[in-house]
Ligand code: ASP
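A lone chain, given as structure tokens: the form predicted alone.
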């Protein structure tokens, strides 16, 4: 986008519903994601020219359910390069599909160490829909990314006028523009036509893996969902296959069933790194001695999918169980 004399901003497109289209404007569920390029999204929103000078790059254009480790690596590498090479850049906005947006935001929070705002944004309705939410979401994401109030807060998500932290945000509904929330914490703030509303910034801890280079081949980390009478064969099969990490979505406060505990206790080989999260959607998972004896670490308030992201990076970094435990305690 040219012609603006406002702060310089970079927009990185990855696809998603915000770039999706359907044959009819009334179709909200049957549509193709990742059709429109990020440049076209800006062209359709000339109001952005009043607040920022935006350069666009297309990293990918996919449904976020199809996002892969290669997309993550490309996004991280390019984002690090942009921030390192352009000291005058105000911030970065990333358009993203909502299905896995929270995982990408958390990944970037752990890998990017820069005070300038990095803001992820998506949409719950395709660009072709009546009352599409993407244009306003994108406009407000740019408002946040160029604001002084947003500096030093790490990676954020802007949806439906709310500003969320990467650590706390999650998608809680399959439909409706208010599908994102931050369980137990609430949003950091909000944005509207009066500006960006954020409380005084707290000192952000350094990114845990700021110097980590991402590989071509990533570790195998599997999420297991707790339920009534889980399969007795699943855990031994995964361990035999050589998975390097397991995240248990335990019932209640991260509890494993006797079937799962017995499978781990009876395994004769070395156990992988393992975390316990919960399926409730809110509330922490604390240390439990019965689970700790089996090598399981509590994931605290991380969702299972975010616990998996942390475990992936810990394995790439070569962390052992002690180091991973210290990371969980220091967050």
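Positions refer to the first chain, counted from 1. Only a predicted model underlies this, so the values are computations on that prediction, with no experimental measurement involved.
What comes next is about the form predicted together with the ligand, which is not displayed.
Under a 4.5 angstroms non-hydrogen atom cutoff, the ligand in the model of the complex has residue 99 among its neighbouring residues. With a 4.5 Å cutoff on heavy atoms, residue 63 counts as touching the ligand in the model of the complex.
Proximity of residue 181 to the ligand in the model of the complex falls outside the 4.5 Å heavy atom cutoff.
When the ligand is considered in the model of the complex, residue 167 lies well away from it, no heavy atom lying within 4.5 Å. The stretch that touches the ligand in the model of the complex, counting heavy atoms within 4.5 Å, is 29-37, out of 259-267, 295-303, 29-37, 281-289.
123 is the sole member of 123, 155, 191, 93 with a non-hydrogen atom lying within 4.5 angstroms of the ligand in the model of the complex. Interface residue among 71, 80, 171, 116 relative to the ligand in the model of the complex, by the heavy atom within 4.5 Å criterion: 171.
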